[in-house]
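The chain below stands alone and is given in structure tokens; this is the form predicted on its own.
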């Protein structure tokens, strides 16, 4: 009896330690609406949840299976359209199905077309696979303008989720307020994240990694690389369709743009910037890019250019994404060596800010001249009134940019030397 009594607290502590990150994440997403209470904030957080599922589904292809796809939005968009038609069917009295389970309709739609297109795409790998995915994406996007009964033409398809919820709902909510949609998205996003994580621990997930790294060796041990890619592709289509279903419920309208190249490029950007080598990387990327899309688009017309520059920077200098940078600092943090890096980082902050101020000033003035009806009109730039047509404005911005470049080169050398010192210490301790 004493052993049983002692083992129960021990088991509870072990459970909390093992699942502490999941529990903490659940608590955070449940509390966030009470911290950020505005409707726009709740709507943005709901969109983050949808994009997290979408990015994780894409990472099943790129990060876990080594399949670079340029048409993943096809399954996201098709899942959304299937969901909208299912909701309209409920509204029209054609059938009865709970709104809370409607994302499954999108998931099944994404799975169905994932099987169809995946059977074709996974016959090849590498660059050929990427080109096939691009072709399929353009094919479906073009078809959206032809099959207007399903895609709605240029106006798209719309619905009314409140009417559907009043007709059929498990919990009796009408899902009119944004907070209702937020918690619906959170539940599905959390469930999908857990399922995708568990898939990485299955034999299929392990073999997808093996096929990604060495398909010949995977075939040698008895697995068909094509069938592994096909299974991974199909499941990825399911979760992309699930995300599309949540997106359709949230916005109540979809157009052909939601399954086009821009949406496919957006999820690629999220996944790669967040980091494809670590499970939580796409989650970070989806949250960050969604926030930047919402905030930057309200302040600058050049926000797409900034995203492109960010992507180029990550490819060149941080190929493992933000999550890779975080994990790179994990060992120095655990060994107490992180403090050796902090002074160099502190020195590098100011030159980096100077460089960014100069670069952003040049970009914003260029956009102001090219898009403004009156280019000579003063513009606000870093809380300073600037005339973009004035030569001195360009000279000053260029001087700031050049000074930032040279200052960064000097300060980044110090960061490099600090890392060399940390790595030497880790080698001496036998940790690297």
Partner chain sequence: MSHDALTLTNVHKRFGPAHIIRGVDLNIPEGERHAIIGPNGAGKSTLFNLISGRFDISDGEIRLHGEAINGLPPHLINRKKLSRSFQITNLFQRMTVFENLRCALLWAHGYGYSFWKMVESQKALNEEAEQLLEKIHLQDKRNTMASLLSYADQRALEIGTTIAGGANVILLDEPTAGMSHTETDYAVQLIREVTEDKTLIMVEHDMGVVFDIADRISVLVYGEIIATDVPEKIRGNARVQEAYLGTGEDAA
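Everything numeric in this text was worked out from a predicted model, so none of it was measured. Positions refer to the first chain, counted from 1.
Note that the form predicted together with the partner chain isn't included here; everything after this is about it.
- Between the partner chain and the residues 330, 95, 299, 220, the one pair within 4.5 Å by heavy atoms in the predicted complex involves 220.
- 199 is the sole member of 250, 157, 199, 268 with a non-hydrogen atom lying within 4.5 angstroms of the partner chain in the predicted complex.
- Residues of just one listed stretch (259 to 267, 169 to 177, 102 to 110, 208 to 216) have heavy atoms within 4.5 Å of the partner chain in the predicted complex: 208 to 216.
- Residue contact check for residue 283: none of its heavy atoms lie within 4.5 Å of the partner chain in the predicted complex.
- In the predicted complex, at least one heavy atom of residue 224 sits within 4.5 Å of a heavy atom of the partner chain.
- Among heavy atoms of residue 354, none comes within 4.5 Å of the partner chain in the predicted complex.
- Taking the partner from elsewhere, residue 203 is found to have a heavy atom lying within 4.5 Å of the partner chain in the predicted complex.
- Residues are counted as partner-facing when one of their heavy atoms sits within 4.5 Å of the partner chain in the predicted complex; in 141 to 174 not one qualifies.
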